[in-house]
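The chain below stands alone and is given as structure tokens, in the form predicted on its own.
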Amino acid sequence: MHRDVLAPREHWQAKVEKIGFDWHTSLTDKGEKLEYWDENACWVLSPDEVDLIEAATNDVHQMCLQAVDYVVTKGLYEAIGYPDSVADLVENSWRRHQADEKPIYGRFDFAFPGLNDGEVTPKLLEYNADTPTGLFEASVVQWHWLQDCHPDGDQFNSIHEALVAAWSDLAKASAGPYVLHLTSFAPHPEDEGTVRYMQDVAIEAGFATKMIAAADIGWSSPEDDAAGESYFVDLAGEKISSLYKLLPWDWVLSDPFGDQMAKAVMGGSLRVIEPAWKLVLSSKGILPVLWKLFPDHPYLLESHFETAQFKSGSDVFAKPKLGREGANISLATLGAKGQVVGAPHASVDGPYGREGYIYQAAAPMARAEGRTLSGQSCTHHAVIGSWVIGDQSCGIGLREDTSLITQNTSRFVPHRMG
């Protein structure tokens, strides 16, 4: 595994915008351009390395399903960052998992430096199980880049085909026909772009669809229904019976209408994708649970709810249980009693952490010496986002940063097999 420095395609911005990728560049608080999509380089992986990532993804996915069952059986909601009030919703959803509460997708983030220095296995950093982004970039944008730059090359990427198959399976298993509504916060270019792509996939799989901003979802009055029932509606007053949401479940449940959402789901009048049992996996609290269930597993990193369980001198990440995009994560060295020794090696500010933290051992990442887009010398650190669609590994996307913490400003860099 190595990083190749390349010349970007001429007029690459127009090329990616033509296929619907309009959040490739943003502005910083100072008004400076920040390129999220970066084709000044690509990562090259060997077939053996891809095979390792695929195997790790499939195995860890199955381990995660066992971890959900453990949390549900033991009622460990508070330990992973949720109030016990989520129990009925999660358990109702989990009981229906095998029948009709199957997931569509998720993204595992792995630290993996490759096989350059011998047999090194991918190590799970976290599971973006509920609202993963980077999907369109991994599925479509980097594939178009490969066709332009390496037309005879290959890429670990069957994401689009797997998504169509997963949505098709859902359509066949559903009592229909009905309209699939899709929602996210607006305006938010990345989230809206991701939802547009998922809409395209669902249409290809046979669904009729409607887009709706989260703020535009309404709650009907019983007087408006012949049976005296209430339900969620769109702006045209049409009942929402199936909803794909790019909104975290914990945010949905904290909304004033969160209780109605939970009741509608448990009552069977509303299907939400991803299913509510994904609440368990979207908490980083699942990482210590996995370590407890599968101690010293080669794909896992030592993880605990308390720092005192680590050996003195360990480099450990502190991660908020319900954090996102690297916010409020820090890396520090621990002393004999679990206390932080010296200043953190890296940290990112943010709004999370009131729900508590978990602690995870650091692991070697893919890294390469190079330069920033402004020409400064730096070390690039890359995280592998490995996609699981349905229950199968089907492709990867890599994000890199000069920091050891991947965050919302980290760049997406394409890959190829070589």
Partner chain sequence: MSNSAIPQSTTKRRRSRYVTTLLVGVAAGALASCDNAQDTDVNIYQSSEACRQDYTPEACDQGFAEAKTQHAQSAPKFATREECLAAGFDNCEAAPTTAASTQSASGGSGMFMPMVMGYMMGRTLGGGMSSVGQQPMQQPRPVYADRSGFLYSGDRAVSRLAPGQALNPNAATTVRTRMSPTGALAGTRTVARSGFGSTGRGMSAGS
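Note that the structure is predicted; figures quoted are calculated from it, not measured. Numbering follows the first chain given and starts at 1.
The protein also exists as the form predicted in complex with its partner chain; that form is not presented, and the subsequent description refers to it.
Stretch-level contact analysis of 146-154, 289-297, 303-311, 85-93 against its partner chain in the predicted bound form, using heavy atoms and a 4.5 Å limit, identifies 146-154.
Screening Lys123, His160, Arg271, Lys321 for any heavy atom within 4.5 Å of its partner chain in the predicted bound form leaves a single hit, His160. Listed residues Met266, Ala346, Ala79, Ala205 were compared with its partner chain in the predicted bound form; Ala205 is the one with a heavy atom within 4.5 Å.
At the 4.5 Å threshold, heavy atoms of Ser230 reach its partner chain in the predicted bound form. Heavy atoms of Gly114 never reach within 4.5 Å of its partner chain in the predicted bound form, leaving it off the interface. Within 4.5 Å of any heavy atom of its partner chain in the predicted bound form lies no heavy atom of Val340.
Contact annotation: Tyr244 falls outside 4.5 Å of its partner chain in the predicted bound form, judged by heavy atom distances. Judged against its partner chain in the predicted bound form with a 4.5 angstroms heavy atom cut-off, the residues Val316, Ala368 and Ile405 are out of contact without exception. Contact annotation for 240-259: residues with any non-hydrogen atom within 4.5 angstroms of its partner chain in the predicted bound form are Leu246, Leu247, Pro248, Trp251, Val252, Ser254, Asp255, Pro256, Phe257, Gly258, listed in sequence order.
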